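This text opens with one protein chain seen in two forms, each one given by itself as structure tokens under the names structure 1 and structure 2.
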Structure 1
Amino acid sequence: MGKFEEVFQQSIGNPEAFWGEAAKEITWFKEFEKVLDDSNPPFYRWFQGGKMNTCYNAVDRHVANGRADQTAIIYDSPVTKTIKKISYKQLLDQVSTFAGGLADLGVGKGDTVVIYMPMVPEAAIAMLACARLGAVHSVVFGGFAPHELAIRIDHAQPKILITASGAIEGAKTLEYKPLVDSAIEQSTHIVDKVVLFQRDFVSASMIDGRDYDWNELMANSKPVDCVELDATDPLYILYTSGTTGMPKGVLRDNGGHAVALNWTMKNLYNINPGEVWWSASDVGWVVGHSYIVYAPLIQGATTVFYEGKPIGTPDAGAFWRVISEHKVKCLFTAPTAFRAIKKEDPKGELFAKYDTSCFDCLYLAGERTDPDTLHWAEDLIGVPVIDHWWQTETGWAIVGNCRGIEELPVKEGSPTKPMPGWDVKIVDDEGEELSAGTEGNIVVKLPLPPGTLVTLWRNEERFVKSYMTKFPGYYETSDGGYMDEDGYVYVMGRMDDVINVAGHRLSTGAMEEIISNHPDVAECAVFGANDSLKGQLPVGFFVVKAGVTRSGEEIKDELVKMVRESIGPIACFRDACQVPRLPKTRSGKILRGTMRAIANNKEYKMPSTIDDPAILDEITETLTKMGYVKK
């Protein structure tokens, strides 16, 4: 039995002993009485009776333990041409003072606070200040439309809203304040206090009696200590899209979250205290919560806050510049980012300009890593490229490659094996476990490990219905896939991405994998369109790499041939079209469900997370020309 297998078996066989040991790595004000309270399934609670504070673990304890002068946050903003380093001592001063300012405005334990900020250190300071007071923060992605922000305000019912005057998105300046004012006007919940961080490049007007200037608040406030909290007290709400219009408010607790995230930094990512870690995401997403702010700081690492894009700020060498300049050991980003870099700089000429000898590993997550992108990245940067799979609800990886325990061989198309603590099964629609290699529903045996969602904010009934009802005793991931004979998991996409062609269940993810192997294709999407004869037929869109001049029709014919040869004529893959771009969320996920709805002439809700709404008009026009959309 290998080292990883040994650790995994311990975690499944005796989770209380396993997580009880992991809990020794964080600081407790009072030791917990019980590692796992399983008296009220599926509402499991970790570290019952323990007293602690997440902010103390992320900031104060490092200052007390000799890391005061170590850099906690590197802020790198190519869009504002700013680089700033903040030590743990400086972070403590700012967080404790801002917490004092929030307390002066009436924020206390159990209150909710909405944070609507760009990728600036002040976003982390606001989050940590809430955690310091025991207030529950809900970060909403900066730039979300007023209507979407209003929905979240009404659901979270914040005592206060924290925002900035704006951000730079590509070549445009996006003003936040008009969006915030409009959202507050639209919401039924009254927000009577707004803290505004003014940025140099865009000034926002203040509303007397309601709005407070960030810098003035800091200047007039005194630092406060951390509030002693129960491990089971809520830390934050993070809204994620539901199948209905109302987003689901994933609720995370304090104790389990701190223990699990701290454990992952060394064991999953092989990062030690003091090393530089970079998660190229945004604080508005779960990755930003877990791996820009909380995990690296709880562990005592240095975290990079990057306010920019993988391309265009200024070019496709941006990531290599950050890694070289700040001596980044590991980077965590979405496959989309690397597909964008590959499209702009397919030969990796910009990579050669930088010294990346400090770089140890690239981690990808957020969507399936296609083999072409995986191998392109491996060949270019010469370090391990590790895919892993998780969800907003889980807070950290369900399936991964624990390089801090034992690095397992990479298999293309698989994020490797279930993580310690995750008892993953593949089951059919009746809940019967399937044999190796057979595709089905990916589920996780309860209880879930620490750090995962404990419920949905103000909706326990929806929590049970959404995740715990279809397969009793299991968490339903709503993703489909299979496990091979070595225990490697293959995630083939949402279960509704499985299409039924003449009675045959076929994975659009498998077709995408084949298409992405074409040398001219940068990225692709396959989704099911209704067909009167076959039930459903696959439709493919593809974007070509920079410099490709061949006709889309010629490439399409080759793709049809490739799918036919790999899957067989049973796939009925005959319709594909070249498009200039694919619709995506701001975190880089391709909106396959929305394209499917358009192709099937169904009403769809404009996704609140969409990067550019105009692209849906382009997609509709393309599908109309292809004969799917009926005028």
Structure 2
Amino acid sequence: MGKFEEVFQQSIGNPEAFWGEAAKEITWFKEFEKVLDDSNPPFYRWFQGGKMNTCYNAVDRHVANGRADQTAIIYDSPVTKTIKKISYKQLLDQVSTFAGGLADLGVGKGDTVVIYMPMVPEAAIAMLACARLGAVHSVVFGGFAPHELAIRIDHAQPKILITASGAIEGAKTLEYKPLVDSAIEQSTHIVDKVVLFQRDFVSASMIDGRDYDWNELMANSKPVDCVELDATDPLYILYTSGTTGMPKGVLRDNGGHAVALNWTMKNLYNINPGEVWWSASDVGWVVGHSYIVYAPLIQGATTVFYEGKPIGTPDAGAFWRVISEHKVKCLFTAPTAFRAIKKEDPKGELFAKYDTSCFDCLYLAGERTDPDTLHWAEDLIGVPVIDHWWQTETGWAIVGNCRGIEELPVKEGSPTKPMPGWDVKIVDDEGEELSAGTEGNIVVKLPLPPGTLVTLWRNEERFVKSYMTKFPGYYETSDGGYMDEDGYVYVMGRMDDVINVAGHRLSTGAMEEIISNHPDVAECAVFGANDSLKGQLPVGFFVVKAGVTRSGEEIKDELVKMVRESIGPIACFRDACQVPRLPKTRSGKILRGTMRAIANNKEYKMPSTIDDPAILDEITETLTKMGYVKK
């Protein structure tokens, strides 16, 4: 048995011993009494009775243990032409002082705080300050429009909102403050305190009595200590797209999260404390939470905070420049970033300009790594390229290649094998396990390992219904795929209405809800079509109400504008077409999966319950005209 197999079997055979051992790497104020409380499935609790604080583990303990002068955060911002290094000691000063400021504003244990910020270190400082106080943060990605921010404000009901005056997105300067003000106006929950971080290039006006300036707050506050928390207390809520317009508030605890993330740094990513790690994502996504902020800091590594793009800031050599300049050992990003670099610099000429001898491995996730991108990256950079599969819900990888334990051979199209702690099965719709090579639902036997979702915030019913009901005793991932004879997992894509656009998880259901608000639209369907750069792009079909005579093109432009204004530019909803009718089952269910298959040139079975098969011919013709169906 290889080393990896041995570790994997230990984790599945005796999870309590396995994670109990991993927990020794975390600083506990009081040792836990039980590693796993499984008395109330599917609500499992890790490290019950343990007292700790995530911020203490990510900051204070490193200052106490000889890392005070080590760089904790390297802020590299080509868009503002800034490079700044923050040591663990400086981070402690800033986080503890900002926590003092938040406490003065009335934030305490159990309060929620919404953070809407670009990729500046102040975003991490705000998150860690909340963790220090036991307040529950909810970071909202800056690419979401006010309507989406308002939905999250109403659900999270924050005591306070933390934001910045703006961001530079590629070549565009964006003002955040009008977006935040509009979201607060749209929400029914009253936000009466806003902390604003003013940036040099865009100054935002303040509302008297409501808005507090970040720098003034810091200047007038005293540092505070970490609050002693239960391991099972909540750390953060992260909203993620489900199948409807109401996102799911994934809830993470403190203890299990710290133990699991710390374990992954060495065992999965082969990073040691003191080494430089870079996750080129955004704090608004789970990758940003886990691998820009929490995991590297808890482990005592140095994390790069990059405010830029893979291309255009200033060119497709940006990633190589950052790796070389900061001696980055490993980079984690989405395949779409590499496809963008490949498109701009197909021969990789910019790569040769930099000394990247420090670079050890590239990790990709967020969407499937297509073989072309895999091989292009491998050939260019000459280090392993490792795909791994995970979700906002899971917080860390379900399937991966544990380079810190034993590097397994890479097979194209597969993120390798189930990670320690993850008992992955492929089952049919009735829950029967399928043989090697047969595609089905990817599920995970309960209990999930630590660090995964504890529940959905203020919605236990949706948690049970969405993840734990269809296959009792298992977590339903909503991804489909298969396992080969060697136990390698192949993830083939979502089985629901979630799509992945440039590594951004979006709901086609949410887009449909917006489109159906158009006064001329009777019904509509949105589904994902494959795209060679962004992985998937949304495509919409709409049927107009009787008597509407306006042109379909005109209505389409209005729909595009509506989605952009409601969800945000990241939805990339640009293509829609009027159709006379939509294909449905006899009971009236729209056949989105069949339309998706046609658009993606995949074979499909004529649904036995289809009401009128002729409509599929019309749809095929329309998708051919739109350029999706290749003859």
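Note that the rigid core is defined as the largest set of C-alphas that superpose within 1.5 Å between two forms. Note that the coordinates shown come from a computational prediction; the quantities given were computed from them, not determined experimentally. Please note that residue numbering is based on structure 1, beginning with 1 at the start of its sequence.
- As summarised for this chain, the first structure is the form predicted alone, and the second is not.
- H518 is among the residues whose C-alpha shifts by 2 Å or more between structures 1 and 2 once the rigid core is aligned.
- Once the rigid core is used as the reference frame, the Cα position of I619 differs between structures 1 and 2 by 2 Å or more.
- Here D531 counts as shifted, since its C-alpha moves by at least 2 Å between structures 1 and 2 after the core is aligned.
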